[in-house]
Each structure stands twice: as C-alpha cells, then as structure tokens.
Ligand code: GEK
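One chain follows as structure tokens, the form predicted alone.
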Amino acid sequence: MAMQPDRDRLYAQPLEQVTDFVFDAKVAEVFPDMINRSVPGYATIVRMIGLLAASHVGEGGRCYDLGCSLGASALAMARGIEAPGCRIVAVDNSPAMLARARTELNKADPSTRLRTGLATPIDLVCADIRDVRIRRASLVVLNFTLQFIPPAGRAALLQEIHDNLLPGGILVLSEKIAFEDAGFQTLFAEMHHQFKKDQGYSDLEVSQKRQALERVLLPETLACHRERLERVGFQRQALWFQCFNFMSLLAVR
C-alpha cells in the first residue's frame, strides 16, 4: 500500500551521516504527522490553548504564537476567541514552515473561526522570536519552542514576554524536560521511546531522530524552568499538563 505523502518517513532508512535537525521543507511536509506521533499529549495541549483563549482573551486582545511551526496553536486561539477586535501574531524563523502554515490556515474551514460573526486574523511573521517585540499581550504561547533557543538566551526572551504582557496576561510554556533523578530520566526516556514505537516508528527511526536532535534540542528540568520564570517576574505559575518527559506550564503576570 502506498504511503500517505504526509507520513513521516524521514529517518526510516539508514543514513550515512545523521545531520542536525532543521525545520526545512521536508520536515514541513510531514510535520503534523511527526509532532503528533512524537509528542504525547500535543493535540490535547493545542485544544486546551483554544479553551484558554476563549476564556481569557477579551475585546481587542493581542496574542502571540512564538515558534508557531504550522500555526496549530494560533489556529486554536483563533477558533477559541469570541471577543471582537483581537489579533494573533504567529512567528517562526523557517520560511518552509511558514509557507506550509499559510497553506494550512487557508484550508481551515472559516466557519470554525467564527463565534460571534467576527474572525480573528492571524499575522504570519518570518523572524527570530528573540527579535520580535511583544506589545500589550493577553496570551503568549511558547509551544515546544524554548528548547531550541540556546540556554543563555532563554531568560532574556522570557523577560521580554513578561514585561509586555498585560496584568493578568498568561504565558503558556510547553517543553520537553530532563530529570535530575537518573532513574526517572531513564524511565521516562524509555516510556517515550515505547510511545513512539506504538505510533509506528521503528527503533532505527527513533535512534536517528534522537541523534539529529541531540545538539539542537536542549531540555532542562522542570525546576530550572520554574526558577527562571520566577526570576523574570512570573510569581504565579502552575503545571497544567505532563506526560512522561513533556510538560506545559501556565505563568501569569
């Protein structure tokens, strides 16, 4: 049987050299399949972001999806927001990902983005998220994005977000995490490996993908994330999702 064109088979064959992972056109083509088969709970987090936007973003609200990939979180916010006059800024530094994001957004049924007869527009911006100026934001999403920023630059990005959220504004921070306890680190790594195998990935695919990511995706502990958030000013924060070594935090200004 022919493989569906959007099925992730990028690491299915042995590679002479496994190069660092990049969000290029090949990844953009299969990204929906890749992310849902690789990150447990991803679809749930995206749906909950839509619910959060519905309950939290008021008239004229400004939202940001930083590292938006194909715009799943931005679209969830647009579908959830009921208030008029809102706008969503979706930012990614990969032209290939944004080109596919534009296609995906154009395919979305417009009726799913209407609640009170008003659509919430999504502006797609090609830029490094560290160069984007956040302005009076109600909701900012970093959905598995911070982990690709060099650790030395993470606090400055979070400081920019904190300082430009409205009072009561929310940051959603979703990340793959590491564990200080070696036993838990091994356990959750093994469970994640098995999760991917249950989704149809082979041991070869899991191994080669891990090699491709090991120098570009740099996870930190939950404690490290929470301490940094507190340091930049987020005194109120809560863990709202965790599955194995993947988690999502809500931080409120």
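Position 1 is the first residue in the sequence shown; the rest follow in order. The structure presented is a predicted model; accordingly, all values stated were derived computationally and were not measured.
What comes next is about the form predicted together with the named molecule, which does not appear here.
Using a 4.5 angstroms heavy atom cutoff to the named molecule in the model of the complex, none of F188, T221 and S248 count as contacting. Contact annotation: of the candidates V89, L165, I129, V172, the single residue with a non-hydrogen atom within 4.5 angstroms of the named molecule in the model of the complex is I129. The stretch among 193-201, 50-58, 224-232, 31-39 whose residues place heavy atoms within 4.5 Å of the named molecule in the model of the complex is 31-39.
For V140, no non-hydrogen atom is located within 4.5 Å of the named molecule in the model of the complex, even though that partner is not displayed.
When the named molecule is considered in the model of the complex, F179 lies well away from it, no heavy atom lying within 4.5 Å. When contacts are judged by a 4.5 Å heavy atom cut-off, C68 counts as touching the named molecule in the model of the complex. Interface membership of T120, defined by any non-hydrogen atom within 4.5 Å of the named molecule in the model of the complex, is ruled out. Taking the named molecule as it sits in the model of the complex, the stretch 140-160 comes within 4.5 angstroms of it through a non-hydrogen atom at N143, F144, T145, Q147, F148, I149.
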